[in-house]
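Shown below, as C-alpha cells, is a lone chain in the form predicted on its own; questions about how it binds or moves come after it.
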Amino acid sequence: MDKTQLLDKQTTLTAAAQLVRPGDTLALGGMTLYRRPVAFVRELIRRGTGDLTLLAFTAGYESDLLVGAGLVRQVRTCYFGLEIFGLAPMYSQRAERGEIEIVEETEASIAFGLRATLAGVGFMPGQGWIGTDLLRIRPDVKLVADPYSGRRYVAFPAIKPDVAVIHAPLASRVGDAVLHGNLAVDCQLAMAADTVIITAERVVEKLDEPLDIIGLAVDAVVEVPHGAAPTSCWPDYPLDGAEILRYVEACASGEFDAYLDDFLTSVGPRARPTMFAVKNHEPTGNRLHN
C-alpha cells in the first residue's frame, strides 16, 4: 500500500487479519491489561495463523490466548502476566514444557531495539545490561566501544516487526489514532513495523485532537467496539476483572480448550456486571521511552 497518500484505509477485521502471515513477527500494542487488541487476536486464532514470533512490551491476556492456541513459536517481552490475577497460565505451562522459545528482553532492549530500527541502524548503544547475566543469556547482544571515549556499551540489536496491531479509543478512516495515554511503545511500533493495523472503538472521518499515531504509517483501520475487552479501554470501559478471573480458573482446571471455544464463538463483551470492574480507570499519561 502506498503510504504517501491519504487513503481511506478502513476495512474488516477478517481482511486485516489476513495481513498476518505464518512466521511473522507480530507486535501487539497496549500495556499489561489495558488497551489490548483482543478482538484482533480472536480473529487471528480463528484463522489459525501460526509459527509467530510474539513481540510485546508487556504481554497479557490476549497474548496468553495466542500461546495457548499453539500459534506462537517465540516470545519476546519483558513481562508476561495478568497483574493482580497472577501468572499468565498458558505461557507458564508451555514455557515449563519447553514448547516455546523465549528471547529474554527488558524494557531497555525492546525500546532501544525499536529506536535502532527507527534510526535506520543495526543497533542502539546503551548501558542497561552492563554488570548483569543478561549478556550471557543473550549471546547475540554484543558490547561495542565508543570511538570517542573508549567506554564500552551494550549494542542492542534492531527490532523490526512484520506486523503491529494497536487498539485505540479513536481513529480516523485514514489511520490517524488517539490513544489517550498509557502509550507504552505503541508509537514506536507504528513507525517500525512493515505493516500497521489499527483497531478502534470508533472510526470517524477526521480527528481534531492531538494525534498519537499518524495515518501515513498505517495500512488498515478496523472499527471494533469493545475490541479490547475484557482488558480496559479508557474512557470507554473498565477492566473486566471477573472475566480475567474466569480465564485463570478455567486454565487452572485444565479447561483452556473449552474457554477458547467459548472465546472464539462469543461476539463482543459479556453483558453482565462485575465486582472486579474498575470504574474510571484513567491512564497515567506516561509516555514510556518516547
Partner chain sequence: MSQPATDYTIDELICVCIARQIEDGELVVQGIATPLVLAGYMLARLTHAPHIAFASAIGQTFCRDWGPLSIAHVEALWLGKALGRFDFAQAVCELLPTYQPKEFFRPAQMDARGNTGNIVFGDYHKPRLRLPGCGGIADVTVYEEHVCFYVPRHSRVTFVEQVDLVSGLGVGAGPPEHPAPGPTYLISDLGQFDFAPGRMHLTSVHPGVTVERIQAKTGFRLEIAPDLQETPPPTAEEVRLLREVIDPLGIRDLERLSGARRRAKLHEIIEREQDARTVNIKRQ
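Numbering follows the first chain given and starts at 1. Note that the structure is a prediction, hence the values are computed from the model and not measured.
As for the form predicted together with the partner chain, it is not shown, yet the points below apply to it.
Within 4.5 Å of any heavy atom of the partner chain in the model of the complex lies no heavy atom of residue 140. Proximity of residue 239 to the partner chain in the model of the complex: non-hydrogen atoms within 4.5 Å are present. Mapping the unseen interface onto this chain, residue 128 counts among the residues with a heavy atom inside 4.5 Å of the partner chain in the model of the complex.
The partner chain in the model of the complex comes within 4.5 Å of a heavy atom belonging to residue 58. Of the stretches 217 to 225, 62 to 70, 42 to 50, 28 to 36, only 28 to 36 has residues with a heavy atom within 4.5 Å of the partner chain in the model of the complex. Residues 180, 181, 182, 183, 184, 185, 188 are the members of 172 to 193 with a non-hydrogen atom no more than 4.5 angstroms from the partner chain in the model of the complex.
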